[in-house]
Structures are given as C-alpha cells and as structure tokens.
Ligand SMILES: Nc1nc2c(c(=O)[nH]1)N[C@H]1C(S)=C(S)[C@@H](COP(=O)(O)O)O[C@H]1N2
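As structure tokens, one chain now follows by itself in the form predicted alone.
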C-alpha cells in the first residue's frame, strides 16, 4: 500500500509568481494577436474609390456595420446632446479648416443665396433675410472634432425642422439623405435624414450672438451637434435630398461616413 502524497499549499510568493506568469502569458498572446491583426489589416485591400474611399475594406465593412447598428438600436431624436449656459461658451471660437471657403476673390455675402434642390428637380432660392425672418433657435453645446479637441460654443440660427416646415419640404424628409455643398462645390457632406431633422440641428448664421465671420462659414453654416465637426459644413450653398448617399469630402478620403457621436 503506497502512501498518497499530500500537496503542500503554495506559498504567497509562489502564488504571486504563478499569477504573474499567467498574466504575462495572456498579455503576450494578446500582443501577438494585435500585431498579426494589425499586419492583416494593413495588408488588406483598399476599397474602390466612390462615395467612400481610402479605407481598408475590412475597416470600411466594420464602419458600415457600426453605423447600421447605431442607427437601428441607439439613435433617437429624443436623445439630446448636453447643453450649457451661455456664460460657459468660448469667447474665441476655434476653427480648423478653410476648405470650401478659401476665396481667390472676396466673397460677397450680399449676393449669396441658398439653393434648395428637391428630388424632382425643382429649386428654391432662399436669401439670408428670408432665413432671419423665421423663428430663431440658439444652442450652446460641446462641439467635438475628430482630431480630439472639443469646445463649448454658442450658435444661433434656424432650426432645420422649422426650415423644412416653412418651405413645405416634408415630402423630402421621407428620403434617406440630405446633401450639402459650399457654393464653390469643393466641400460637401452627406447627412442621414434622422440626424438632419434632429431637434438640435440648425442652419446657423450667428456665433456668440454675432453674424458669422468668413472663417466660420458666413453667411450660413450647418450646426449638427450629434455629429463630429467634419459634418458641420461651413458656407452652405446648396441643399439637396436623395435616397442614395450624397458625396462626402472626408468619407472619400477614408473617414467614417456616418461620423456620429
């Protein structure tokens, strides 16, 4: 009859050593997985140039699926971004880009008109005075940039849904997208309709209760708090409606088309 060996309990030092070994093993396996995953993504084919372009195909598929999931399960027009008192708004409002507003000759605000193109081909021409005659809406919110910075800023203008109501564009909101372009057509965005008609989306003609400056997109820009800054088009010249994704400047360079918060 053989005696059964009784295992001695591990000492504290042995337990720590074993935990460290397991932890480093898991970390090492994860690191190796990340390296191989990154190499696989880096070497994967680039998507064909179109409405979107410049991203690796697996990444674009992931972005598109994320958009579908977000729009289906999380987005709600009842979800409002946090707002702040006017006293918290930045006195000097940051701006990043002048794409679409870099003028080779002085821009004449007095001759500017907003073109609204319906799907049937009809075109409305709206002046700044027309817009200022509509009810004014103000919002103070945390403007967020894809580069990582954010700033509380104060904007005033016409709520997009009030604009739709006044110009009897309800039928256009049954379509899936809104497209917006600068007058020179060098900067353009595509917005999903639910985000466009979100109650906090405005066509802004003021910042800090003063008319927009040229570098902030005078005379009219989009302020859409549920999107990153790249969707907040400056100097709107054309608004259109469609059931297919309109062209989008940054999406063509590989960025997320949806760009929602």
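What you are looking at is a predicted structure, and each value in this text was computed from that prediction instead of being measured. Positions refer to the first chain, counted from 1.
The next section is about a form of this same protein that is not shown, the form predicted in complex with the ligand.
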Would residue 99 count as a contact of the ligand in the predicted complex, using a 4.5 angstroms cut-off between non-hydrogen atoms? yes
Non-hydrogen atom contact residue 55 with the ligand in the predicted complex at 4.5 angstroms: no
Interface membership of residue 86, the ligand in the predicted complex, 4.5 Å heavy atom rule: no
Is residue 201 a contact residue for the ligand in the predicted complex, using a 4.5 Å heavy atom cut-off? no
Please identify the residue among 145, 81, 133, 109 with any heavy atom within 4.5 Å of the ligand in the predicted complex. 145
If we test each of 166, 94, 170, 113 for a heavy atom within 4.5 Å of the ligand in the predicted complex, the one that passes is 94
Among 181-189, 120-128, 157-165, 133-141, which stretch has residues with heavy atoms no more than 4.5 Å from the ligand in the predicted complex? 181-189
Using a 4.5 Å cut-off on heavy atoms, which residues of 222-261 contact the ligand in the predicted complex? 229, 230, 232, 233, 234
